[in-house]
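Only one chain comes next, encoded as structure tokens, the form predicted on its own.
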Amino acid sequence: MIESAVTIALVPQIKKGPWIFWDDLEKSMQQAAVLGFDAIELFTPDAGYIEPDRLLSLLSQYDLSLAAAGTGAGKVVHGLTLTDPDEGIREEAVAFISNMMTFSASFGAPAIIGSMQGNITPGMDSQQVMKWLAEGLKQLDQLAGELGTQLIYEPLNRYETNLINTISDAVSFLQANELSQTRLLADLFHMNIEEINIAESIKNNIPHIGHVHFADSNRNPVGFGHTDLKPIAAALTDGGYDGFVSAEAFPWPTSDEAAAQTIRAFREYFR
């Protein structure tokens, strides 16, 4: 069964980003529970930011699960990517993600690689950069298998990365590099920019999709933009997707209103 999740960001440096709740972990979890969300998706500065016992206690108290953990702080706070020309920085990036994977796996959840994939910067050889990306992901894919979890890789739109922008190109990359434990994040905002047809892309690649980010065309909560969600929801449901649909959207007009609109939209399309 498809389940709902809402994002909680605890990283001051990404204060303007597309996350529904901010700062106060317990208050955010309490509000998520009141609204009826099944899970939370966390963004923290690093894997050691929250004591596992505290998170476990809060999840139990509010009857929530951990849907996934984001790794974006690795780039935003620490300047790490898997495609940095400096080998030492690439190794640090793998270590940062590995720690986050170990943390999230203890709650039965995957870690997400989005911005930490990096970019091909001017003057760099694109084939070499893609080779670095593959090398890093292979190490992390192997770790995912050892941890009994999956790794989630997110194709981003062209304004955020020039590596892989569409779901189909990401599938080809996974297959070419035999990344058996890695699944894709279908982010509806990024797909609105890059895909010819979002629903068809999901339908054609459903076995490779392991997580969904629920946001409208303008990255506001679903219902506050112009994306046609009906065929997208049908593609996920009819295709047998049984993961999380997680609200990674701007907290517009407020966090509470954004969360309430998200759960209304989730119930409209998936219940």
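Here the structure is a predicted model, which means the values were calculated and not measured. Numbering starts at 1 and follows the sequence shown.
Only in words, not in the display: the form predicted together with a small molecule, which the text now covers.
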item: Exercise: residue 141 in contact with the small molecule in the model of the complex, heavy atom 4.5 Å; value: no
item: Contact label in the model of the complex: residue 156 to the small molecule, heavy atom within 4.5 Å; value: yes
item: Residue 160 within 4.5 Å of the small molecule in the model of the complex, heavy atoms; value: yes
item: Among 99 to 107, 86 to 94, 161 to 169, 187 to 195, the region lying within 4.5 Å of the small molecule in the model of the complex by heavy atom distance; value: 187 to 195
